[in-house]
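We begin with a single chain expressed as structure tokens, specifically the form predicted alone.
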Amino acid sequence: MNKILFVDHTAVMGGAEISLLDLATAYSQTSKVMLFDDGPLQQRLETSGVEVATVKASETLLNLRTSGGLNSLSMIPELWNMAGAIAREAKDYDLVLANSQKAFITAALSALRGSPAICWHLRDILTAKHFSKVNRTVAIFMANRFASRVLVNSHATGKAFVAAGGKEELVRVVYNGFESERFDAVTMEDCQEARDRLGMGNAPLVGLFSRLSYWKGQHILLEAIRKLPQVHAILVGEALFGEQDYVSELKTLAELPELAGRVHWLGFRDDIPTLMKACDIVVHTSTEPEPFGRVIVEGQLAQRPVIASAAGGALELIEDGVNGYLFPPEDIISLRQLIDKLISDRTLAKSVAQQGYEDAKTNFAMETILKSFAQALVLD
């Protein structure tokens, strides 16, 4: 088993950090995680028996947006110092595995300071929508020059990396892994209690599980159910990156007479399996291609029919009409029709949900993904 120094710039829990937690826990006997900040991820890692080293970065570096363009160049001196810290931590390890773009740029620089092999676990689709031209150019140059491997969480992520100029021979696809036991353990009584706490009785319930952000498309769901007066929605997640204006817009939308009382704001939660199983449908409404789509697989493991935006990684997770449904991104009418269809035909909903469960449990079992991960790290 490789001795790995995992590196991430953030300690906030997101999809990438949940995956890192899974991998680092599996490698806890031989590896360590280095973070650039304190936070929930550090606490979760330590609780799971993972050794953690925290080297604090400045707020300027932590808050630097990947769409920031030339402003990011001013961070080079600090990045160089952080690279030295990585090189010192990594001296007893076989490789450094960066879990984010900021972590990778820093880790790549550490190669100039004596660190072992550098791998990038790329979990973003590198497009102009989310990454400035400067950041994409720098990331691709550094990957081609310093990365021994670029692990990607879907073929869609890998294709975007190559399209941006990345070397195809570096790429290895490693999907996210999941423990189905957390979902299997949820009882019908647990689900009913969750619904009772919401005070919504037996009304149809649709769940959207994601941070509150325009590109995650919470507004698409709210617009879709405006003309489905019996349907309630839960929004599970919080705004993370200064997107409070969008949250205000969502709340204004939710207060319209057609929606009043039907939108439930649950914030960040740890009981995702229970909440998903309390829903009749789980939706994924991203307006841009999703690199993977973690909530899609989780919804399938919860044995609920999943409706997802037909772009990016979702196309690799859902066979339309078989183990879930796809709709064109931002197509409110199509989403509304699919929600209505699944609520009206419970037999169909159950059939699709069962197939989704079987596929997710087979394709994304943690044991299977860990084998794929280990194989991807065999360096030529």
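This structure is a prediction, so every number in the text was calculated from the model and none was measured. Counting begins at 1, following the sequence as shown.
The protein also exists as the form predicted in complex with ligand UDP; that form is not presented, and the subsequent description refers to it.
- When ligand UDP is considered in the model of the complex, only one residue from A85, V231, V171, I272 comes within 4.5 Å through any heavy atom, namely I272.
- Residue G267 is the only one of P257, G267, G199, P77 with a heavy atom lying within 4.5 Å of ligand UDP in the model of the complex.
- Note on the interface: of 138-146, 242-250, 85-93, 295-303, the segment with non-hydrogen atoms within 4.5 angstroms of ligand UDP in the model of the complex is 295-303.
- Not displayed here, ligand UDP is kept clear of A365 by more than 4.5 Å at the level of heavy atoms in the model of the complex.
- In the model of the complex, ligand UDP lies farther than 4.5 Å from every heavy atom of P204.
- Although the partner is absent from this view, R211 contacts ligand UDP in the model of the complex, with a non-hydrogen atom inside 4.5 angstroms.
- Ligand UDP in the model of the complex comes within 4.5 Å of no heavy atom belonging to A111.
- Of all the residues from 3-22, those having a non-hydrogen atom no more than 4.5 Å from ligand UDP in the model of the complex are G14, G15, A16, I18.
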